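The form predicted on its own is given below as one chain in structure tokens.
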Amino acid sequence: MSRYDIADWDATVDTIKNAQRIAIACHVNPDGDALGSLLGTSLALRSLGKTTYPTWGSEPVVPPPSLMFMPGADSLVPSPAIPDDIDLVVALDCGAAHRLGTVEKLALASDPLINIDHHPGNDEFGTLNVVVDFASSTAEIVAFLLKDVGVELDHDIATCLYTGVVTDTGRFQYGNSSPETLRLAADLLSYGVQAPQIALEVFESAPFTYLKLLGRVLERASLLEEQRFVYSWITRKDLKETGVGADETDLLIDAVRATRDADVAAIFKEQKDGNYRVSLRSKSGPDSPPVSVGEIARAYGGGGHELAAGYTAPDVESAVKGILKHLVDRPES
């Protein structure tokens, strides 16, 4: 039986072993799991003598400040630099092909195309699909896949994979932190991974201006007590006036969701095109099971997990109304 009982697992292992020139892409605007999986895979395959082109389909191909420390970050290439004569494309942490951005066309034209992901509802767009929706992170899947490919982990590879695991489990506080996940984390730490330094860089290294932005977000936060829903928003003007980069706002949702008076939290972030990126989080309430924000996001063309998901909306008001439609019929415990 293949690992995770995934039908394409063994074929994926063999395909990676036989490929020499490999394009590896994660989703646009990568988070810790996407980037950790991307760089960990690239470094690992290079250790086997393969040529890799790690990238994603949005500009610039530069990690956010909190992830700049990751080994291999200097090896990233813009997607137009990927040559035509590659043997394989590997897509990481993408619930759907469109999450590849400008790499989507290249990926879908590739045969083979390997799709490695852990998001529920993945549309299995690859010719080979390794989708494990109960895994803590894509980095967790990648770690076991690399082992079967024959990679010997080292400090740099383990650092990337650990970063992916620790970020997507919320420092191991989310329900996706299984015993296998914790055993993997312990194994990765044995390669000299500096867990305290990673935690400092990822979770505690925001610029001072971030505190000013956070103040605005908390000041305008709204609580709908009956629906146990809390939300706030930021605009492009907020970013300009505080000097905070859009790629430094990922942790704002954690501050909003911290209240005990709400089970579902949302942050709405204005984008350059005027639309709003919606980040949703859910947790168990005192009298009801957790709301599936993944289901809400998928209803509006987005995706994610049951307790953490996102999508794009035209404005805050319509997005709030849409979310509330899904909260009024909450199941009883």
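A quick note: this is a predicted structure, and the numbers were derived from the prediction, not measured. Note that residue numbering begins at 1 and tracks the sequence as displayed.
Although it is not shown, the form predicted in complex with a small molecule is what the next lines describe.
Practice task
Heavy atom within 4.5 Å of the small molecule in the model of the complex: which of Ser42, Ser282, Ser279, Thr55 fits that? Just give me the one.
Solution key: Among Ser42, Ser282, Ser279, Thr55, a heavy atom within 4.5 Å of the small molecule in the model of the complex occurs only for Ser279.
Problem - in the model of the complex, the residue from Ile323, Ile16, Ala309, Ile24 that sits within 4.5 Å of the small molecule by heavy atoms - result: That would be Ala309.
Practice task
Spell out, yes or no, whether the shortest heavy atom distance between Arg171 and the small molecule in the model of the complex is within 4.5 Å.
Solution key: No - in the model of the complex, heavy atoms of Arg171 and the small molecule never come within 4.5 Å of each other.
Problem - Contact label in the model of the complex: Gly304 to the small molecule, heavy atom within 4.5 Å - result: Looking in the model of the complex, residue contacts with the small molecule include Gly304, since a heavy atom lies within 4.5 Å.
Handout entry: 4.5 Å heavy atom contact, Lys147 and the small molecule in the model of the complex
Key = Taking the distances in the model of the complex, the answer for Lys147 is no, it never comes within 4.5 Å of the small molecule.
Exercise for the section: Tell me, yes or no, whether Arg220 is in contact with the small molecule in the model of the complex, where a contact means a heavy atom of each within 4.5 Å. Expected result: Outside the cut-off, so no.
Practice task
Sort through 96-104, 212-220, 196-204, 68-76 and report the only stretch with a non-hydrogen atom within 4.5 Å of the small molecule in the model of the complex.
Solution key: Of the options given, it is 96-104.
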